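First comes one chain, alone, set out as structure tokens in the form predicted alone.
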């Protein structure tokens, strides 16, 4: 009736615990399935063709360094507001552009655990790209677990297809033995390059996560998913390889989803206790600045993440995110 507050039934403690147990069992089940399909290597350097062609530079020089921070709990609203603060997605995508979304689909775990890019963010980003006139949107990653399982269990694959995008799995023919100009680590190494060579714009979509080796997994760490082979050998030089990856992938935009952040036990997590609602969406052309904001969401300083200053010293952006910020509206 008008003026009367509707009654919403609250679950009992027993019902709540039952649902929580079911959710955790589901997470464990999907994790076990992912382990069953564990892919530790991906293509090795010996089985992919070498190339000397540099990867495209997807940056728009006229945009310079820009960053927008929006606070709110609804990913669709905060993403739209952040892109609006940057001048609108139409300023980055031309009609007919082929757009590649590089997501984090690393683990075969459900989105509730926060280890991968949230499917809602994927859905909204695809729709906004198509509304801006994109002729095609592709979604890719080279996950740690079996790729097909990861894209399905994270919800990213179904979300991408429903929104009208194409999921590009990291098949062997999509890798090249790549040597990055000026690179010390990424030399004759299998890199997932073909999806990047077939598009006009590149956008990174990453969640905010703790990482036990690098300190944080943010937008620059997200490019780790372009590597094939025994990429875990780079863990001993994790800050250097993240810096090289930021030099290798020069995106049009990066989006950092801090709606819920994984505060501990990253990058896989596994418990809802690892997560915290931080209700922040960051979008920008300067990945160093974007990731500097993400560090703060995790309670870390720029000095806690050496790769941030290394990337800044390489000319890839600034850790002084306030110098490029377009404000921080709240929704």
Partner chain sequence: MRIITARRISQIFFVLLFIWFCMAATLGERWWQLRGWPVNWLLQLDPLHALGLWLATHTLYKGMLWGVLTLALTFVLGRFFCGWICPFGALQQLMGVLGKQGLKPAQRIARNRPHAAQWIKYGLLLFVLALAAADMMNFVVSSSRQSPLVFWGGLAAAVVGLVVLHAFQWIRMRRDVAVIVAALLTGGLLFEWMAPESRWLAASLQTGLLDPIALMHRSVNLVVVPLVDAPLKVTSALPRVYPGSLLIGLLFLLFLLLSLRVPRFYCRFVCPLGALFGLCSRWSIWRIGQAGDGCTHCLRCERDCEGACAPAETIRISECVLCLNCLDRCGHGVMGYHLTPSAAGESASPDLTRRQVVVALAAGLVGAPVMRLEGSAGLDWNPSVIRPPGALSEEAFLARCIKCGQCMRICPTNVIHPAGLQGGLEGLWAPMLNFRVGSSGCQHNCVACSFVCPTAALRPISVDERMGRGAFAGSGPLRIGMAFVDRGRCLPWAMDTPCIVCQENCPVSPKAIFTREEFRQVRGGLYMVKTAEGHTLVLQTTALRQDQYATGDYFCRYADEPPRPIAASNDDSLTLGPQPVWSRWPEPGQPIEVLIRLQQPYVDPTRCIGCGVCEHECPVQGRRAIRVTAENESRNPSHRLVLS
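No experiment lies behind these values; they were computed from the predicted model shown. Residue numbers count along the first chain shown, from 1.
Just so it is clear, the following notes concern the form predicted in complex with the partner chain, a form of the same protein that is not shown.
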At 4.5 Å by heavy atoms, is each residue in 109, 149 and 213 next to the partner chain in the predicted complex? yes
Is residue 144 close enough to the partner chain in the predicted complex to count, meaning some heavy atom within 4.5 Å? yes
Does the partner chain come within 4.5 Å of any heavy atom of residue 131 in the predicted complex? no
Residue 306: heavy atom within 4.5 Å of the partner chain in the predicted complex? yes
Considering non-hydrogen atoms and a 4.5 Å limit, does the partner chain approach residue 221 in the predicted complex? yes
Which of 133 to 141, 71 to 79, 86 to 94, 171 to 179 lies within 4.5 Å of the partner chain in the predicted complex, heavy atoms considered? The stretch 171 to 179
Which one, 160, 245, 191, 153, lies within 4.5 Å of the partner chain in the predicted complex by heavy atoms? 153
Near the partner chain in the predicted complex, with a heavy atom at 4.5 Å or closer, the residues from 53 to 73 are none
